[in-house]
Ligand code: THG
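The chain that follows stands alone, in the form predicted alone, written as structure tokens.
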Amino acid sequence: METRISSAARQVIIGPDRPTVLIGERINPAGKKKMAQAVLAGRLEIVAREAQAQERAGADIVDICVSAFGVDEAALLPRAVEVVMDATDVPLCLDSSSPAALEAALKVYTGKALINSVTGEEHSLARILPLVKTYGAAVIGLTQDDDGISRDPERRVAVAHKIVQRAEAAGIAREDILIDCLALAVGADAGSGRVTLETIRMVRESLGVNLVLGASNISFGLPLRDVLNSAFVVIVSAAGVNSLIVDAAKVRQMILAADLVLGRDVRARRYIEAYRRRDP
């Protein structure tokens, strides 16, 4: 099963036998004071520069989130999308919980977008899935519902099934649904990593969909976050996750190595190309 995301000039294919797709997470004002101030003031040059930096770092898709206190997302997200489309031809992931903002961004986007995200919550399913269908997008489904995020892998898998069933009933092809099994901080719950891994295994076996993961949550609140994140992305990649929402500059080397070991890099072409292109 393959998921295709595209811009006007480039297509990215996510699939179990293909190299891991990296979705750059850096365009997000949360925790970034300078970016939050610029976004709030409508100064989007910083967004364009960050998109270009992520492309250089190896991001295959760039996630765009402009959510910040006081921001009118419905007005600003489409502007940010246009700015990034002018700056790079990397396909985009539109990141918002606001249906109005998503629709405004989808109207100006050229290509097949990835929407981040829909949940198993009834209000989310009812408001986001029609946008996915109308605009021919793909969507990330988060394994949480009206009861929150369960610590039981079977419960998370049930939410994944609900999302897929509702999406297919709305006319959305299964290949256009990516499931995020959710990574939570191991510093708060030492067992959360195992729950995520077991959920990944069960979703892969029962639904066969492609999997995405926001990986950096795993290290929240702990020292040496980059070390923990790097270890985690290799583990989940081996477990079946084939796209990751990450800071590409910090994990791409690990992913290139993991893809090579897992047989996703024929004749080590990507690994060797990256080595040849490295900074002196």
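Numbers follow the displayed sequence, beginning with 1. All values reported here derive from a predicted model rather than from experimental measurement.
The same protein has a further form, the form predicted together with (6S)-5,6,7,8-tetrahydrofolate, not shown here; the description that follows concerns it.
Residues 14, 91 and 107 are none of them found to lie within 4.5 Å of (6S)-5,6,7,8-tetrahydrofolate in the predicted bound form, as judged by heavy atom distances.
Contact with (6S)-5,6,7,8-tetrahydrofolate in the predicted bound form, judged by any heavy atom within 4.5 Å, is made by just one of 76, 140, 209, 157: 140. Checked against (6S)-5,6,7,8-tetrahydrofolate in the predicted bound form, the candidates 238, 30, 222, 227 yield a single residue with a heavy atom inside 4.5 Å, and that residue is 30. Of the candidate stretches 66 to 74, 30 to 38, 251 to 259, 230 to 238, only 30 to 38 has residues with heavy atoms within 4.5 Å of (6S)-5,6,7,8-tetrahydrofolate in the predicted bound form.
(6S)-5,6,7,8-tetrahydrofolate in the predicted bound form comes within 4.5 Å of a heavy atom belonging to residue 216.
Taking the partner from elsewhere, residue 245 is found to have a heavy atom lying within 4.5 Å of (6S)-5,6,7,8-tetrahydrofolate in the predicted bound form. When (6S)-5,6,7,8-tetrahydrofolate is considered in the predicted bound form, residue 265 lies well away from it, no heavy atom lying within 4.5 Å. With a 4.5 Å cutoff on heavy atoms, residue 119 does not count as touching (6S)-5,6,7,8-tetrahydrofolate in the predicted bound form; it lies far away. Applying a 4.5 Å heavy atom cutoff to (6S)-5,6,7,8-tetrahydrofolate in the predicted bound form picks out 180 as the lone residue from 178 to 194.
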